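First, one chain by itself: the form predicted alone, in structure tokens.
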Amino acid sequence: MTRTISRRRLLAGAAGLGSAALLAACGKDESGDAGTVTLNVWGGVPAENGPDALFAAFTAKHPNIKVKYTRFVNDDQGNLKLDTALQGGLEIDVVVSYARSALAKRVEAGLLTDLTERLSGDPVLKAFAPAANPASNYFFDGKAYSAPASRSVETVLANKSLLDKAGVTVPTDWTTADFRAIAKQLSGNGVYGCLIPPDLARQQLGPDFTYKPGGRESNFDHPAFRQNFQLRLDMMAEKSAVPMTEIVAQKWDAFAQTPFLTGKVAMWISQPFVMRYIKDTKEYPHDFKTVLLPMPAPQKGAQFWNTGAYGDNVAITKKSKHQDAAFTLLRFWLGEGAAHMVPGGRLPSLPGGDTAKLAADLGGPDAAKLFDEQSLVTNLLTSDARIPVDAIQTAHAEISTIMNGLNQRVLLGNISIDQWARTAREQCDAAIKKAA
């Protein structure tokens, strides 16, 4: 779907910003591009879930830069369509990558502009430059080709009605063992306790968990990966987690919101972008509140990593003829424009912001009916969870493809964990060696 921000929509979106600037036909602007330009932007978020409001506000502030937004579906087919368009020479100025593997492919193909110098020289966006500490962006050979527009802490979303019915009180310092016990307690009568359990390997190993130190070998023989698969296989066998056969048959890997919002799964580990599904009661009618729980710790009292991510990586294409205007948009997107994406579940990547306003925008007008509002503030908006940011990118896209296939095979019971580990090491080490 492609949208150009119309004058009517622009006027509506800019109502609170002052019409004088809006009506300036072609005022002086910091974009650096002469005259009026139109930026072609491709992203995966439906226009009505934030992009429309974001670009209307942007055009109100920068009337000489128009935005034409094209939404692509963020799945394998949608990303292939985008990559084909990029490589085929279609005029695209700004693109958003949602998976690190997709971003890596675009960097490796030479499709994106090196933003290192621009980010490093910006008083605000230097937080996403290679010299920033702690890192909150992905770098390739020490260079930045994008900047994240969202910071997504992962939480356990739980069906409050099912918790109450089972008489379950979740401890604030719960562990994976508690998670499994509660999932078992919630299971039965057509309900699974959870869709999938926590990713123990990521939680325990943190950044670059798939590589050994130095990045010259893969790390899939680490005991944490075995522990992770064993937990999931055991929970699938006891029916406290959804069997992989059912996930594949129902296509719940692509539409994970469906089993949760239809009451077939009691707990669902996910990120804030799914709020838009919970608020869409026409498409997903439900009569229970969602309570947000912190991620359980692998071991009681031990530090661990959250399995969320910095994401929505905004990049400028190398072929764009409007580099300055595109960076002006990127800067607005991550800065004052970020608030327009919150109702759609994209929380700003830069720190700060009014928590009460974020909660109101994220929860929407029916928040009291749909959410346990205090849990939304405590376990999401004010969470101090540590989010891992991977620094090693060697053969990441290839490793991601290899592992997607192998992970499904072990979860479907086609290979053992030992076979999985051995094959993963062999194939991923070969990919790393080839890339290095």
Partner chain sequence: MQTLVGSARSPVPAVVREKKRRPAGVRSWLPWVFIAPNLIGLIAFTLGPMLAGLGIAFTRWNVLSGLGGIEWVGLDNFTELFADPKFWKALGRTVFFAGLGVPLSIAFGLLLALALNRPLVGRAALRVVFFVPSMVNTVAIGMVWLLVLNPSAGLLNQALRFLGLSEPPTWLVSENWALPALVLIQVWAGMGYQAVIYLAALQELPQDLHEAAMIDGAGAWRRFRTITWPSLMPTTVFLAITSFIGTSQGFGLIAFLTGGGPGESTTVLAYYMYQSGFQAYKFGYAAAIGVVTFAAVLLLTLVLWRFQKGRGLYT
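None of these values were measured; they are calculated from a predicted model. Residue numbers count along the first chain shown, from 1.
Beyond what is shown, the protein has a form predicted together with its partner chain; the following relates to that form.
Stretch-level contact check against its partner chain in the predicted complex with heavy atoms at 4.5 Å: of 239 to 247, 275 to 283, 306 to 314, 150 to 158, the positive one is 239 to 247.
Checked against its partner chain in the predicted complex, the residues Asp76, Asp208, Asp361, Asp221 give one hit for a heavy atom within 4.5 Å, which is Asp76. Asp83 is the sole member of Asp324, Asp114, Asp178, Asp83 with a non-hydrogen atom lying within 4.5 angstroms of its partner chain in the predicted complex. By the criterion of a heavy atom within 4.5 Å, Lys251 is counted among the residues contacting its partner chain in the predicted complex. Proximity of Thr172 to its partner chain in the predicted complex: non-hydrogen atoms within 4.5 Å are absent; the residue sits far from the partner. Contact annotation for Gly35: none of its heavy atoms lies within 4.5 Å of its partner chain in the predicted complex.
The shortest heavy atom separation between Ile417 and its partner chain in the predicted complex exceeds 4.5 Å. Taking its partner chain as positioned in the predicted complex, the residues of 91 to 109 that bring a heavy atom within 4.5 Å of it are, in sequence order, Lys105, Arg106, Ala109.
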